[in-house]
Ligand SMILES: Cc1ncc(COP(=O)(O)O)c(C=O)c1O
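For reference, the chain that follows is the form predicted alone, supplied as structure tokens.
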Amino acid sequence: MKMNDFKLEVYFGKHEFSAPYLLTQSDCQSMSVKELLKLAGESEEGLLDNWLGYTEVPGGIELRQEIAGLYDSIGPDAILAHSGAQEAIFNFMNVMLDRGDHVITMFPTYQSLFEVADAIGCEVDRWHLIQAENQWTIDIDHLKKLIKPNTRLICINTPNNPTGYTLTNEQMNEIAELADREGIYIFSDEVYKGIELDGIERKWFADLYDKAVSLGVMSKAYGLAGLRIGWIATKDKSIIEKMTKFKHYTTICNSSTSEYLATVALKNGKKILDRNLSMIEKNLEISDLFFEKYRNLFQYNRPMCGPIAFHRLKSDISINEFCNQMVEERGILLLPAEIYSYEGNYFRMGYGRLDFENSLERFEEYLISKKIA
């Protein structure tokens, strides 16, 4: 299999660990091991006594029990842990898809949700999010029109990266019913669940439909990317079996230390999610003022969920040129739309970091110095 470059990772490889002002990050503020244990009220003894041998291929039972507790109708045997979300996406696509299968993917979205299928030789159609005034929306009638006799899979990304758009429970039910009628699998990237800004709890797709797979991870909503723990949940036992056997050729099993700390975090998940949601809400209040001040320069697309949004620069300046020049001259990092293979002067902004206000101030200074604002 020949894969195209993962544009986001190539771009971040150049700038993420050198630019001082990260205004585009998709994960929430992380913490140290010490901070996590303190938040959880745990001593260091449990971590120090953690056994450093192999772990179970599906993930340890205690970890899978905590993950299963996030769902209404999923048990530990319906969970398969992975090294982050990327491994889970790659493994799923490889066991479920064949050359010539038709795949529909929400767009814009995380690149691997369409790139892996394309590399396998699938026919891939994009189900586009729609820009409506200062927000994003989706047309399910358009999804219906994209379905073909050979449609094998619908890839959902809700809450969506990069727009911050999230499906309603009613929309999710409608998509699940449509897939059920047509016998189509659903793979739903739901790594931002738990930090919805409207306070409404959404179902996981795995709870709604027997042939749905829900993707979760510790990296995004929980802000614990360094643990490299992700998972899939599904009622379809054949998917679990196939992906388990495929995992024998990728990571085999996860780090025991990571599984231990992920279990601690999930036991205290509400505390962590509430902390991160509060941070996002505070940063969005600052953002509201900024984009109102510069409403003639930017189209402000406030997110519905999560720590990212996809705004538009109202200028003849190319967004690629704008972002590249800014990071090289001032170390301010934003992500241009081209990274998502998306047309238009859009850029991704992140709201989940403690230093957001300072980074936004540096952004404003740049705009003024270049006489853009």
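None of these values were measured; they are calculated from a predicted model. Residue numbers here begin at 1 and follow the sequence given.
Form predicted together with the named molecule: not shown, discussed below.
For the chain shown alone, residue 110 is a contact residue for the named molecule in the predicted bound form, at least one non-hydrogen atom being within 4.5 angstroms. The closest heavy atom approach of residue 193 to the named molecule in the predicted bound form falls outside 4.5 Å. In the predicted bound form, residue 84 approaches the named molecule with a heavy atom inside 4.5 Å. Looking at residue 228, you'd find a heavy atom of it within 4.5 angstroms of the named molecule in the predicted bound form.
For the residues 301, 276, 161, 214, the 4.5 Å heavy atom test against the named molecule in the predicted bound form is passed only by 161.
Proximity to the named molecule in the predicted bound form, defined as a heavy atom within 4.5 Å, holds among 234, 91, 157, 254 only for 157.
The partner is not drawn, yet in the predicted bound form one stretch among 183 to 191, 163 to 171, 293 to 301, 134 to 142 has residues with heavy atoms inside 4.5 Å of the named molecule: 183 to 191. Taking the named molecule as positioned in the predicted bound form, the residues of 219 to 249 that bring a heavy atom within 4.5 Å of it are, in sequence order, 219, 220, 228.
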